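Before any questions on binding or motion, here is one chain by itself as structure tokens, the form predicted alone.
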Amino acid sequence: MPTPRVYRTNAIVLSRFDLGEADRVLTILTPDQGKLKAVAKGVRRPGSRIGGSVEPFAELELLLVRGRTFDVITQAAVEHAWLALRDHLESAATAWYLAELAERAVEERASAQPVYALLRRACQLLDDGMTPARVARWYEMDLADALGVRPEVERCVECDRPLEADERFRWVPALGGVLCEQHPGPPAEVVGMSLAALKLLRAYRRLDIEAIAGLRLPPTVEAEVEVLLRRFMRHALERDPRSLTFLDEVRARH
């Protein structure tokens, strides 16, 4: 059966760039089509019918026509507008970071329903006012799970022995998680970690985000886990997202 030339889909904008004098190319994430690039023709002209709709930080319903280079957006409507997210700079910067992680993690034209649902929920949580850093850590852990590389935090990645509270732990992204004290690991990859950080990583693995939001945690432990999960995502996606620089600048101002 031939692929329909015209199709409708929900979508979240991941990134965009201007094309020519009036057009804009969007990288969008869809549940069934995965990641794809689509052009919004004339969207930068005053009075464009879809100009106000195809913006980041919203779930869109799009009608598209398949094209040779880019699919073309012919209709756009906003399904969910996360307006509160846009009013808080750290939440907006975090949303850009999460969108970039999704863009790097998903293949073009491949089903991406778990990642789509994860990004949609993360944006809603940010819009609801949840602490951006906790949303980011929860998202990183669940994105790793969706990609099949969720870090091991219960057992040693080398010998499969359950980790004990009275030993020293090392974080080794290249091996997939935590290494017990009986194994040295590759020196360049090993990062020491505290028992409190291990417990928090386990919480991110076991608990839903609403339960995590209610935890009372020392800032030092949250900062340690942030470093550990960022290292893990850098290894999984092969480089740091560009949006981290902006996010860290925003957080440094507060």
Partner chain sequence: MLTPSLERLIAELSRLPGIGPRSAQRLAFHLLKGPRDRPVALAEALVQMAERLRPCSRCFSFAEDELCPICADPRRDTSLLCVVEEPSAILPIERTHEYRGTYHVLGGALSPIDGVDPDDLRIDELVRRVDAEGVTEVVLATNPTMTGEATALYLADLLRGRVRLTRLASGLPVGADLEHADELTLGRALLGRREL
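Numbering follows the first chain given and starts at 1. A quick note: this is a predicted structure, and the numbers were derived from the prediction, not measured.
Omitted from view is the form predicted together with the partner chain, to which the following refers.
Asker: Can you pick out, from L85, V135, A112, V153, the residue that has a heavy atom within 4.5 Å of the partner chain in the predicted complex?
Answerer: Answer to the contact question: L85.
Asker: Quick one: of L147, A117, C159, A77, which gets a non-hydrogen atom within 4.5 angstroms of the partner chain in the predicted complex?
Answerer: The option sitting close enough to the partner is A77.
Asker: If we define contact as a non-hydrogen atom of the residue within 4.5 angstroms of the partner, is R234 a contact of the partner chain in the predicted complex?
Answerer: Looking in the predicted complex, residue contacts with the partner chain do not include R234, since no heavy atom lies within 4.5 Å.
Asker: Contact with the partner chain in the predicted complex for G67, defined as at least one heavy atom pair within 4.5 Å: yes or no?
Answerer: So G67 does not count as contacting the partner chain.
Asker: So, R230 and the partner chain: in the predicted complex, are they within 4.5 Å at any heavy atom pair?
Answerer: Because no heavy atom of R230 falls inside 4.5 Å of the partner chain in the predicted complex, the answer is no.
Asker: Is R49 close to the partner chain in the predicted complex, meaning a heavy atom pair under 4.5 Å apart or at it?
Answerer: Yes, R49 sits close enough to the partner chain in the predicted complex that at least one of its heavy atoms falls within 4.5 Å.
Asker: What I'd like checked is whether Y139, D142 and R206 together line the partner chain in the predicted complex, meaning each has a non-hydrogen atom within 4.5 Å of it.
Answerer: No, the candidate spot makes no contact with the partner chain.
Asker: Pick from 67-75, 122-130, 170-178, 90-98: which stretch has non-hydrogen atoms within 4.5 Å of the partner chain in the predicted complex?
Answerer: Comparing against the partner chain in the predicted complex, the contact stretch is 90-98.
Asker: Taking the partner chain as it sits in the predicted complex, which residues of 28-62 have a non-hydrogen atom within 4.5 Å of it? Please list them.
Answerer: The stretch 28-62, when checked against the partner chain in the predicted complex, contributes P46, R49, G52, S53, E55, P56, F57, A58 at the 4.5 Å heavy-atom cut-off.
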